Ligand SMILES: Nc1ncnc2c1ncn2[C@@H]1O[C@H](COP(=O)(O)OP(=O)(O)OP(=O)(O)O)[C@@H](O)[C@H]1O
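Let's start with one chain on its own, the form predicted on its own, as structure tokens.
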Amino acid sequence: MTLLEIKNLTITFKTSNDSLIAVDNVSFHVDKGETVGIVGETGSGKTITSLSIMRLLPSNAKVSGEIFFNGKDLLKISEKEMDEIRGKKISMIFQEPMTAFDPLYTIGDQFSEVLFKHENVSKLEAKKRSIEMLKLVGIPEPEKRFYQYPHEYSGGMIQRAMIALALLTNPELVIADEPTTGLDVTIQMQVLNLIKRIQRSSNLSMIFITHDLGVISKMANRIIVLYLGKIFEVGSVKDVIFSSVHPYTKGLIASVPTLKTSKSQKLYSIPGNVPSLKEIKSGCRFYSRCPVRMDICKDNDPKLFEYTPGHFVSCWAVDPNRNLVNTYE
């Protein structure tokens, strides 16, 4: 059963001189209990897409399309209705938890504030539930940590606290935006295992955002590959990681070291840099960096088509029909 459905999402930022399209006609869905991974380089539009679901974009952003959550279009409801959903039914694990928490208030105060806002609980009940959640995510001495300030937490603990805060109100959908950025490998694996365990036990739906294909292959049921606001490939982990066909996806995979990679072996690097939104012209957005580009790619924007059942790709080089008929819904 579908919990979240995004249709033709386009996000445009107005500047003093121009209008820049950061997310271009993106459509996807998240089923109940499913984890959908969104992967791509910095600047691909991953975080902007997630913030549009939360309706937390800056005032100069114009959003069009539809974002249905439990059948209700989040772009059309009032701010009051959205405020009741945000943090209660949809929560977010932010990329930088140390900046997401208010340094002037204790962790316990901030947890309790969320419960006071969304649920009719006493101060004692809020404390009890907050401590239970801190314990659930593996924070030692949760009774003591409840009274501490964010700066008194280590990097690994503050990330766990961010996860605990996101799960505090038993949400239906959690958006995890690069939740292990800046953590060492050991702590990263602990945090990923924690998220996965809680997601499975609670049957949570999740959007997991990262630039790391190795991480996403362990966390997601389906993967969306995003580049400069366009979807390039969508499919199961098997489709995208082990049977990828888009040259951008292939480049991302080739740039990840494996156990077989020797110290002397040079990793593949996708040529060039991600263009700025101002540099985007007609045609495929990956044209300037693509190793298999053709004449048709320069001026014609490819559309998503079903390459194999459930596996969608947007690339002229792999479209046997070179047509614009089949699109991903």
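Keep in mind it's a predicted model, so treat the numbers as computed, not measured. Quick note: we count residues from 1 along the sequence shown, nothing fancier.
The discussion below concerns the form predicted in complex with the ligand, not included here.
Novice: With a cut-off of 4.5 Å between heavy atoms, is D239 one of the residues that contacts the ligand in the predicted bound form?
Specialist: So D239 does not count as contacting the ligand.
Novice: So, E178 and the ligand: in the predicted bound form, are they within 4.5 Å at any heavy atom pair?
Specialist: Close contact exists here: in the predicted bound form, E178 approaches the ligand to within 4.5 Å, heavy atoms only.
Novice: Check whether E66 has any heavy atom within 4.5 Å of a heavy atom of the ligand in the predicted bound form, and answer yes or no.
Specialist: Flag for E66 set to no.
Novice: Heavy atom to heavy atom, is P58 within 4.5 Å of the ligand in the predicted bound form?
Specialist: Close contact exists here: in the predicted bound form, P58 approaches the ligand to within 4.5 Å, heavy atoms only.
Novice: Of S269, T42, N273, S282, which one comes within 4.5 Å of the ligand in the predicted bound form, counting heavy atoms only?
Specialist: Contact check passes for T42.
Novice: Would all three of F13, A22 and K46 be in contact with the ligand in the predicted bound form, where contact means some heavy atom lies within 4.5 Å?
Specialist: Looking in the predicted bound form, the three residues F13, A22 and K46 all sit within 4.5 Å of the ligand (heavy atoms).
Novice: Only one of 66-74, 282-290, 296-304, 34-42 gets a heavy atom within 4.5 Å of the ligand in the predicted bound form; which is it?
Specialist: It is 34-42 that comes within 4.5 Å of the partner.
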